[in-house]
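Starting off, we have a lone chain in the form predicted alone, written out as structure tokens.
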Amino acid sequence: MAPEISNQSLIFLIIFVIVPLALSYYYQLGVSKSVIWSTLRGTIQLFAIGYILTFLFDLPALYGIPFMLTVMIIIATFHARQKGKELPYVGFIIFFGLVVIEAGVLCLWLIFDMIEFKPSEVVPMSGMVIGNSMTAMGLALERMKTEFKENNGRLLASLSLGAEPKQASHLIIQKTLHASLIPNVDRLKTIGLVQLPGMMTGLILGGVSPVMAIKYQLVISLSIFSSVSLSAMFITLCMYRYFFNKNKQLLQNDEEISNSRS
């Protein structure tokens, strides 16, 4: 069992912030304020969620779990949406995708008796799935926008030769999905070799046997891999069509895209 970390000990964590802060100031990187703000915000958020989870864990599962999952999905939708806010319906599509993917993963966990339906198990594991899915959707949107801008000429040429938007966008969809999935694939390749994953480390520190910790880590790692893959595919296949208007013409800038469905 790991020793309890005192409040006094936490104060000394400032050392981990001072080093990058000093380097940022020395090399004039202009991120000193961001480092300080991010550190303070992250600390406050973690303590706040700690107290919230303590309250939720005492609630009946049928109330606490849906409430917390809904809050997490709404927040995740808001953040992922920022990567493609000029695209029509992007917020709704992200929200719908996160709900379906989280519901699917949770059902599999429960059906195959991997976890129990109680807040202390469902909420932390679902948070990892939702958070990684949010990141995957945001990265996919960002990469897709970049690809459409960089391949503007090729797309126009394909359309002028009679290609359908789906055909003209095939390479862009392929590149977007590849860029979104490769980091996750690489993470799976090195799991347990380069690093001990967070969930496994936490369970071991909590006194769980390494073998049992590995089983839980496999559950969450493969669940995240699946959810990230599905999230990237879902958002890419849903949103690429909004780079074209109803007449199958390529939209040239963000203003045209945002006005395309008005």
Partner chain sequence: MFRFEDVYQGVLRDLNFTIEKQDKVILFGPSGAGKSTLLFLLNRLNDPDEGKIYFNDKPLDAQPITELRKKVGLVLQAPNLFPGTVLDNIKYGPSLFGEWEEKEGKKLLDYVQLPSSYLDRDVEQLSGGEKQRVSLARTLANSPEVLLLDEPTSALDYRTAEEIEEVLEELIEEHRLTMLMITHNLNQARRLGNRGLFLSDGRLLEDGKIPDMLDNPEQKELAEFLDQ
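Positions refer to the first chain, counted from 1. Bear in mind that the values here come from a model prediction, so they are computed numbers and not experimental data.
The same protein also has a form predicted in complex with the partner chain, omitted here; what follows describes it.
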| property | result |
| --- | --- |
| Interface residue in the model of the complex among Q167, T146, Q82, S120, criterion: non-hydrogen atom within 4.5 angstroms of the partner chain | Q167 |
| S158, T77, N184, T135 - the one with a heavy atom within 4.5 Å of the partner chain in the model of the complex | S158 |
| Partner proximity in the model of the complex: R154 to the partner chain, non-hydrogen atom cutoff 4.5 Å | yes |
| Partner contact for L108 in the model of the complex: the partner chain, 4.5 angstroms, heavy atom | no |
| Contact label in the model of the complex: N253 to the partner chain, heavy atom within 4.5 Å | no |
| L171: touches the partner chain in the model of the complex, heavy atom cutoff 4.5 angstroms | yes |
| Region of this chain that lies against the partner chain in the model of the complex, out of 146 to 154, 69 to 77, 112 to 120, 94 to 102 [heavy atom, 4.5 Å] | 146 to 154 |
